[in-house]
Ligand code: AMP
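The chain below stands alone, shown as structure tokens; this is the form predicted on its own.
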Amino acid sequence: MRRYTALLLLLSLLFLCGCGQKKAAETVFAMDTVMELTVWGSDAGNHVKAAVERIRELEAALSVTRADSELARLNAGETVALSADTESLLERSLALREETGGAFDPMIYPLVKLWGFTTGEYRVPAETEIAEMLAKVRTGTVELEDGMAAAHGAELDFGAVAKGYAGAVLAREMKAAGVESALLQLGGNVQTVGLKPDSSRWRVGIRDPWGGEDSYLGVLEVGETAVVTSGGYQRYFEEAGTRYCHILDPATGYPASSGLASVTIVAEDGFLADGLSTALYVMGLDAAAEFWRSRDDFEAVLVTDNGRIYVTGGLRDCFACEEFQVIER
């Protein structure tokens, strides 16, 4: 299998523009990841500054570990008056839970804590502990009415969708402000605004799950969209020779073991791309393919544990790699 080199990175190196547009860029650490924001245009600097402020605002409301955030207060048992962002994210997350049959579950936080993925104090819990937390995940409820929310035996975590939601918000607000070209790299999430400054399509590398940070399996050419990848290689710990990834299966309480090494989702909506990258990773190849066939709002690149690459039909002509199979409807 050909290993693409750093020349095919997220390809910010290829954003060569002969049109003389001004460019502003900033790197920030937020939502537990490094974010790189690049905007082209006459007022690029102010647009980047506004984007950073907006990210900080979203983080303050949605952080699960920040005690004064809306989400942390909700998890602590308070009845909380939600901001418009938190209310929207909560409503959409609960809806996506139903749509994916629980493969994506925003109420999985008790299990995430149990495995130590919020604190870095990793451990393999006892079966009895997992069973106890699974019961909490399955029986907890959330009440939402007129912007007021209360969790009853439930704890929420938006970690699987917050960056995608943030990308979608930033893209929408930039377009409303007149931005015609921007690249927002939010950890494993890519959100583009418009086309590249030279009016060509963006090129986004799909990382090789078994290679280093500069090793890629293939490249997508896309327009204005979100591209989000989830994989077990992104965050994990090892104990007694076994690797445990951070993507938990809500059905078992254990790290997902579906036969997939990574899932990349391409969708207009960053929230959807982010949530489905996790859900399809949990589902596995066959269920993910059937789920795709049932909808028309996303495309996917699925990489199996044995290195096979599957691409849904809508990406057939915009994905380049040495070999892949097309999933048809």
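Please read these numbers as outputs of a predicted model, since none were measured by experiment. Position 1 is the first residue in the sequence shown; the rest follow in order.
Beyond what is shown, the protein has a form predicted in complex with the ligand; the following relates to that form.
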(request) Specify the contacting stretch among 98-106, 175-183, 236-244, 138-146, defined as having any heavy atom within 4.5 Å of the ligand in the predicted bound form. (result) 98-106
(request) Identify which of 272, 302, 282, 39 has a heavy atom within 4.5 Å of the ligand in the predicted bound form; exactly one of them does. (result) 282
(request) Taking 4.5 Å between heavy atoms as the contact cutoff, choose which of 71, 248, 193, 190 touches the ligand in the predicted bound form. (result) 248
(request) Report yes if any heavy atom of residue 262 sits within 4.5 Å of a heavy atom of the ligand in the predicted bound form; otherwise report no. (result) no
(message) Just checking whether residue 155 would be counted as a contact of the ligand in the predicted bound form - the rule being heavy atoms within 4.5 angstroms.
(response) no
(message) Since only the chain is shown here, I'm wondering whether residue 253 would be in contact with the ligand in the predicted bound form (any heavy atom pair within 4.5 Å).
(response) no
(request) Decide whether residue 226 counts as a contact residue for the ligand in the predicted bound form under a heavy atom distance cut-off of 4.5 Å. (result) no
(request) Note that the ligand is not shown here; using its position in the predicted bound form, name the residues of 155-177 with a heavy atom within 4.5 Å of it, in sequence order. (result) 157, 159, 160
